[in-house]
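Below you'll find only one chain, the form predicted on its own, shown as structure tokens.
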């Protein structure tokens, strides 16, 4: 598969290594200093672009890919206020767009288990639920996209929770998310159910970026021959 990389930080370089190991070809690498390459023949030759950049640039990157007829796999978070707009552009233009807040296979298993546990805990309102997420100091958005996905799964299943908040809960229906930024932590997400008599702790910790990068390359492979808005649910079929 011919792959373009959009964003060439630590994640982009890890994706490059894994893609090459799996027999793919990197035909174009676009970063902050060469954005004119979106108009290059090399970029247009790509079958898919894997995009990990910033919330401020992500959506513009998607439209540039659509204009060149290149499928997009994106793991950038923090832009979801424009999700409906991007879905509409993808559907109306018959483009291919794969989005995940986290490409790690383990995290997506964690997502599924999170919803299942929340469904059980809905029967036990004496337990309150909160979340802590920890990432490296370079992460720009807070809470993380992974934390938001986890929170949405809990809110969907627990009747007495109706929104997440960053920081301390302001009312009983709030799900508190604490965001910590320290060192070079790849990602830790901990969910705690607390009652007067005990705690139930549920946690995922990433060892490195490699799990996220591998999942992104597998997602790129999955897009072959497909159209529309895709995600991990379609790929993993939990």
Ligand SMILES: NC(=O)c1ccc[n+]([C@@H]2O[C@H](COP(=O)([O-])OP(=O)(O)OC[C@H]3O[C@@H](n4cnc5c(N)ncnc54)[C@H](O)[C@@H]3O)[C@@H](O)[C@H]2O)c1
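Positions refer to the first chain, counted from 1. Worth saying up front: this structure is predicted, and the values here are computed from it rather than measured.
Just so you know, the form predicted together with the named molecule exists too; it's not on screen, but the next bit is about it.
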- Consider residue 139 of the chain shown here, and say whether it contacts the named molecule in the predicted bound form, taking contact as heavy atoms within 4.5 Å. yes
- Query: Taking 4.5 angstroms as the cut-off for heavy atoms, does residue 6 touch the named molecule in the predicted bound form?
  - Reply: yes
- Task: Classify residue 100 as contacting or not contacting the named molecule in the predicted bound form by the rule of any non-hydrogen atom within 4.5 angstroms, answering yes or no.
- Result: yes
- Wondering, does residue 227 line up within 4.5 Å of the named molecule in the predicted bound form on heavy atoms? no
- Query: What stretch, of 70-78, 84-92, 125-133, 156-164, brings heavy atoms to within 4.5 Å of the named molecule in the predicted bound form?
  - Reply: 70-78
- Note: exactly one of 170, 194, 203, 31 sits with a heavy atom within 4.5 Å of the named molecule in the predicted bound form, namely 31
